[in-house]
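In structure tokens, the next block holds one chain alone, the form predicted alone.
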């Protein structure tokens, strides 16, 4: 029991990172991809050209929903300024998840795109793991708490944290993996702390509900009303009603926002005489999340109320949440978020492999399992993410329930990668699965261009920055996976020669 603080922290750092490291890697990598969720959605809906003003797209979406879906409980419209489109979500009990989506631009009167979750899939998987509420969110929150413990304990055990920033010995041994782990960790340490802490805060109502229970008991409606006063609520009357023209409401909302952009439009009970339209300011206009909102009476368009969040505690929450989701960030800042997110994923991946390198092979079932779980997670997850993108291109645009099919393909491919990793020697599985990922990433831009007519070559001449950037990232990923495959095959060959050497002697 005479262990020093650093020795105690070293054990805590090692085992906290290992026990939940695979889940943390999945949360981190999908969260990093979600930094460009708008662009991913735009790439996955190549039919949407993003023509015209987003406000016009809102009016088109409301007009279509008024005709096609008047009797549902609500319409939820999200304005994507970066791709000049509007994504509408509405209730449909026949759908696999109880809702459907439709996308609009300003030039068409009907939904213009194939059914897909787009970049929202990575975003939602990142914090709820596609599990029923609240289990996925609780698991993600617990993982973030463990991550914070691992980061803080890692800082404590470092004797030379700044020297490690400049130390990288690219060897295949334990020292090389430790250097890589340290560099990825120190390189963006402030970001790692910020993104982990701000990832815990938005889920506090799920993991720490006792304050709400103590003040409100089981009265969730009152708790939500006080926490979100900007969302006006009114019970349906049961009498049919016609929604007023949305245009003047958008104009009034923008006047209240001081010329700010429209972010979301929620319309509760649109076919009822008691319908309510709530318009929220675009998150990209400010650091704080959902800071301003205006509500209107649906049938008349009469202003019901406006709210600008000024309560210190709630403003703090909104700022922390805004920091995490980074919708406020301009393009350069979002690239920094993306690169730092990749560094955090690198910290986790190198840490998982470092645990193996620090121990002799063939040390029982634990070592056997960790070696294969590492392969299934670190290489299998990118294969599943690429499979999700491939499914978007290969499945016919009019395929029934194609959005659910894309998600199912993601999980089936990830499960297949895990199964393959269990059946093969780890070093060979690393090389083989990394080769699959390299081929999938390298071929996808060509297949996408053949099926949609939009791609890198046309993007250069037409100025299509969305497809230009997306295809370049895919080629970069292909190159990275090819390097990993090459090194894995080389290490496997070296290991085989080492094993044959004594026998030949």
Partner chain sequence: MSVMNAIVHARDRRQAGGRWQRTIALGARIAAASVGGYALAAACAAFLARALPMSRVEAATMATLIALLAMPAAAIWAFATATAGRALGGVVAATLLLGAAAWLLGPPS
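Residue numbers count along the first chain shown, from 1. This is a predicted model, so every value here is computed, not measured.
Absent from the display: the form predicted in complex with the partner chain. The rest refers to it.
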property	result
Interface stretch in the predicted complex with the partner chain - options 264-272, 197-205, 386-394, 85-93, non-hydrogen atom within 4.5 Å	197-205
Among the candidates 409, 178, 107, 373, the residue which, in the predicted complex, approaches the partner chain to within 4.5 Å (heavy atoms)	178
Position in contact with the partner chain when the complex is considered in the predicted complex, options 306, 139, 404, 157, heavy atoms within 4.5 Å	157
Residue 153: touches the partner chain in the predicted complex, heavy atom cutoff 4.5 angstroms	yes
Any non-hydrogen atom of residue 314 within 4.5 angstroms of the partner chain in the predicted complex	yes
Residue contact check: residue 255 to the partner chain in the predicted complex, 4.5 Å heavy atom	no
Residue 342 within 4.5 Å of the partner chain in the predicted complex, heavy atoms	no
Joint contact, 8, 12 and 215 to the partner chain in the predicted complex, by non-hydrogen atom at 4.5 Å	yes
Residues of stretch 218-241 in contact with the partner chain in the predicted complex (4.5 Å, non-hydrogen atom)	222, 226, 227
